[in-house]
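Only one chain is included here, represented as structure tokens and corresponding to the form predicted alone.
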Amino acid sequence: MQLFLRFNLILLLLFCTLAVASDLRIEVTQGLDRPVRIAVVPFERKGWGRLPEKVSDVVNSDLQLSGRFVTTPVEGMLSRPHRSKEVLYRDWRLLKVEYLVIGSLTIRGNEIRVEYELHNVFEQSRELSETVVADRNELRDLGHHISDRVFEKLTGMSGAFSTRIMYVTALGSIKDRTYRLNIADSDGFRVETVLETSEPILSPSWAPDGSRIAYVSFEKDSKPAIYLHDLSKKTRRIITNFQGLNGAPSFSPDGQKLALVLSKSGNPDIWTYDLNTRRMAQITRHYGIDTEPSWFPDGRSLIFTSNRGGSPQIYKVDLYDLKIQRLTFEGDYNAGASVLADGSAMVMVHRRNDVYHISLLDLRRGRLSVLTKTSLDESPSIAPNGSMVIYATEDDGQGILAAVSIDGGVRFKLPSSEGEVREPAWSPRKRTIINSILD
């Protein structure tokens, strides 16, 4: 499979796999050499009523599947405290536990109130205490929020458990196929099908606030068109459906514009589209193929893939003077780049020894690092905390999603329980908690 076929929007047309909108499974394939040992005690429950989830189970699963922690099985716990005065640090030192999460959950009608604490076992101190209130249907959101807070406290990085992942699946034979655009929690649960169509779906992209998405669909006369989809209102409209190529939409950091690829002037070039005024501006003009635009965090420039130099490479264009600068020189194939939020580096697909890998290019030092050990890797998308990259790849001939940390220390796979998945896009941070009170 040649990833460069994406320039002609053929890659996803060659989707010849079976898939359905189902939960993704996370399988950690590589964790840190010295993960933090943590115990999440089942939260004490107060009040009446059945609940579909255990918040402490969500927290335990999040931390374990991050690859940065080893959690203690409940059956191996010597005690099960729920508040500070019940903690016997000696019990946890015997189990070599470094940190302890305890708490209680109170049911008040439709309201759920969780009080939890994070303890440092060796220092015998409380590191974090918080009360969180949400609706009954937000139990998983509560768990992800607590995981984010604990993760940030112990690693110094913002957590990404409260985010979502968007991806494309397909169902049926080549002649009779259904495509689905799905959104799931970062742990693969709560899959929602946003769009179902008999035509291919490509290049899904999130707005910075997570309320809208953009994507390419072939449902109108089997030709590519770019759609803007409002997730809360469940409405959408066509942005462009010109003759020829309409592809690769990418939201600006302020959410006011889209960068996209159009061939209406003859060759595939980069354009911008103002979502408020609906005005368009042509950014590149070249006889080669310019595609896969992505924004720099300051919104003043774009990076894009082009074969104008003879092979696919990454270029940067200033949106004010339209000056173009080549960014990649190592290797004969670099494509699909995205810049980290601090602008220090970019993630891209890099071909080495005829194998496509996800790589990181330090934009300040010019140093290139290969992050993945898989092959046929494509469509990298950076987590909002900048610590992980999700991408599409193959495993035993099966199309799956996988993720790798920016430092290459943590890796995991996300195969679908049925079929194959492609085109991942990691959401921005998601606001989930109604009320949060830090002690």
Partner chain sequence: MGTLRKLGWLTVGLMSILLASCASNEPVGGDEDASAASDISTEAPEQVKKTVEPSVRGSKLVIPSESGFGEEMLQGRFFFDFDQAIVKRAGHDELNKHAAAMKQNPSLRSRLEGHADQRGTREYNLALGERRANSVRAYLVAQGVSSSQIEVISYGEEKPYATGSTEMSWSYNRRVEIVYR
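Positions refer to the first chain, counted from 1. Everything quoted here is computed from the prediction, not taken from an experiment.
Quick note: we don't show the form predicted together with the partner chain, though the next part is all about it.
Contact annotation for the candidate site: Y179, L245 and T305 all lie close to the partner chain in the predicted complex (heavy atom within 4.5 Å). Looking at 245 to 253, 69 to 77, 141 to 149, 113 to 121, the stretch with residues near the partner chain in the predicted complex, meaning non-hydrogen atoms within 4.5 angstroms, turns out to be 245 to 253.
Put simply, of I270, I165, V216, L258 only one has a heavy atom within 4.5 Å of the partner chain in the predicted complex, and it is V216. Proximity to the partner chain in the predicted complex, taken as a non-hydrogen atom within 4.5 angstroms, holds for one residue of A341, A281, L88, I174, which is I174. Among heavy atoms of F329, none comes within 4.5 Å of the partner chain in the predicted complex. Using a 4.5 Å cutoff between non-hydrogen atoms, Y287 counts as a contact of the partner chain in the predicted complex. In the predicted complex, the partner chain lies farther than 4.5 Å from every heavy atom of Q325. When the partner chain is considered in the predicted complex, G103 lies well away from it, no heavy atom lying within 4.5 Å. For the stretch 194 to 232, the set of residues having any non-hydrogen atom within 4.5 angstroms of the partner chain in the predicted complex comprises E199, P200, L202, S203, V216, F218, S222, K223, P224, in sequence order.
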